[in-house]
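Presented as structure tokens, the chain that follows is alone, the form predicted on its own.
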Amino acid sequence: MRISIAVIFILVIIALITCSVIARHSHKAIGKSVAFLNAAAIPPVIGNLLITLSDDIYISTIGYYFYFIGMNIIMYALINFTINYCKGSIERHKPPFFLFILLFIDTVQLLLNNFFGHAFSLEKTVVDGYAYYKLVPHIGQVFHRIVDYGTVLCVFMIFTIIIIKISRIYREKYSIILISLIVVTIWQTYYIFSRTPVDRSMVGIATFTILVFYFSLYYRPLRLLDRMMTDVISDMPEALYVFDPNDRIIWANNKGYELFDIHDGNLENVPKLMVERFGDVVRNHGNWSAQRTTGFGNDTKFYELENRDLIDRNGKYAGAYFRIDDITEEKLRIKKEMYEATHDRLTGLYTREYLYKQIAETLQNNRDQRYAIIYIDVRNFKIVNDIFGTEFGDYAIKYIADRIRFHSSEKTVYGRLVGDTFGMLAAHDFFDPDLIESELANFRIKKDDIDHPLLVHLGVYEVTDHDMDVSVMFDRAHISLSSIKEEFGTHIAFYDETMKSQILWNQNLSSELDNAINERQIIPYLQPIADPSGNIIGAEALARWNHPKEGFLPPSSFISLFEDNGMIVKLDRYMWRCACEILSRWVEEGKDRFISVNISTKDFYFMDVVSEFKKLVKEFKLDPSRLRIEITETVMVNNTDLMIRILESFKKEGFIVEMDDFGSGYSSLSMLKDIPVDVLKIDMKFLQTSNDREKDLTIMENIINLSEGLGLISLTEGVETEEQYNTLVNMGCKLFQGYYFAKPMPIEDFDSKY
């Protein structure tokens, strides 16, 4: 028996060495821990081999030392393997260092047994006619067993916790190792307490480490995997079917039964139902995918079909699996997103970007068709929102969108551009200006108790070049609206070449302004201002442009343009500086005169005008009263409180403020008492346009008296005759300006004449 057991131990040692080498070279992370555990089992097996074969007490003692210390090495390796094997499945991965310390202490006390004999001794006995030295345990051996069993108990606890918490598919690999460890522990315990002469339990321990090698590196729970994969496939959202080589259906998942409303488990009718719903797809072998649509209207369904042939290891056709995925929800979601991306949320019309795209495609696909681009603008729509609220405003926008739909045909492309503007491409023979004019003549929005008229203007550009950028076409249609900007009886404007020429003219002038200022092409003209004695005491600075190509340009050709596009700010700042240069020279020459300069409405919004004037008079060392500020009545209409504060700042700094065109507006008298001005410029139209001269004179005289009563200086402009001059002097007017004295003239002429 001893020889048989020895042979088994030798075979086990060979197996352990082989497993250790293979595990050491494994690509798996756990490989090194497994190799260490298998290698650690070799010393105690060698120890048991020596104990089994030897009849010499010294060799048997060495064998027991190999056995006991080797068991401590196994315990250390077992802890190391457990921590690495369970990594990721337990919250803490730190090794239990207290166990390592106990194992080290136990190893030391076992080695000291040779001196103190406290751990164990050997007792001679006879087995099968041969001498055999069995173990006689002492207190040190008890400590050794407590440490080893305690270590095993900790490993038991770790694996038990893992098995409870881990998913079922992984539970088996931990359970087998735990069960093997329990069996080996029971086997070892039996030999300890049974005191059997020859200990064969080490075979179980070695077998355990070999099982660890297999289950850690090679074992896969295929049955559980198959079962779980079946469960996963059965619960997939797609309908799956498996066919045999004869196109007979042999399996379907849960969704497969649900798709064709099968409750009795009979799949025989499924191929027929597939053909009825999707066509002859069952016999269509090969690897392919396609989409099918079923139903109509709200019952429309979208499906994705896929067939995959199953080929066995010998390359023979073994059947197929068929997948049907209901993609209706995804299709509807994509359709909704596409709609929201291309349609205005409020009106349901095309967005501007998508409208431009559709118009471009329509023009390219219908190059022989005549079209018109229509820009639809609701004038002063902001007032509607301010008065009636945004809810009514939204209702009005949707109502207009509905009217556009009503007047459109299949040849019309339309959409909402932005805010209260819409765009349309209409076939030329479909567009009826007279019909549209008649509807827009009394266009009203009615909702509940609200009945409000809307002024809608249409700018029309007839498409002549189908390749032109759509945005440019709409720009031209928009530009045409400027021709009816102030007209309430006309609702449709057509773009023509005259507008194009004017646009080019305006663009050229605008682009040349900076250069004109730098090269002094724009020069100040001075129109004299006289006192009641006819003495010239000042002048108004007016801009004139001596263009190198176009010649002398009157103010009407560029002032209004620059006021519209905001470039008037540059021009005004330049004219103010020119006026300061003239005044500075006059001061040096001893001339006591002033110059009035104009401030346009835009200046107040694009700069701090008070600071600008303060810098100028400081730079040129001028008395602020010499540089007079001239504003128009329209400046005061918007933001009256702000304008009053700005004018007060001017007066505080010593500037004299003039109000131009008094009497040309409707709110002059109501504002006059609050506006901090010094000079009132009166328009001579009272003495020129009316048929009732007596009334004109009465109004003029009262305005002059009113200004004097308010402590203001009256200045009448547009004085053209001696009679007008004398009449105004008799009325008490203080200052005069007009052709009677002189037209605006260059600085050189002004200096030489006055």
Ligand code: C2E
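This structure is a prediction, so every number in the text was calculated from the model and none was measured. Note that residue numbering begins at 1 and tracks the sequence as displayed.
This protein has a second form, the form predicted in complex with the ligand, left out of what is shown; the following refers to that one.
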**Q.** Selected contact from 172, 420, 572, 633, since only one has a non-hydrogen atom within 4.5 angstroms of the ligand in the model of the complex
**A.** 572
Q. Between the options 493, 684, 609, 516, which residue brings a heavy atom to within 4.5 Å of the ligand in the model of the complex?
A. 684
**Q.** the ligand contact at residue 555 in the model of the complex, heavy atom, 4.5 Å
**A.** yes
**Q.** 4.5 Å heavy atom contact, residue 660 and the ligand in the model of the complex
**A.** yes
**Q.** Partner proximity in the model of the complex: residue 704 to the ligand, non-hydrogen atom cutoff 4.5 Å
**A.** no
Q. Do residue 712 and the ligand share at least one heavy atom pair within 4.5 Å in the model of the complex?
A. no
**Q.** Which of 696 to 704, 712 to 720, 35 to 43, 66 to 74 lines the interface with the ligand in the model of the complex (heavy atom within 4.5 Å)
**A.** 712 to 720
Q: Would you give me the residues of 728 to 750 that have any heavy atom within 4.5 Å of the ligand in the model of the complex, in order from first to last?
A: 738, 739, 744
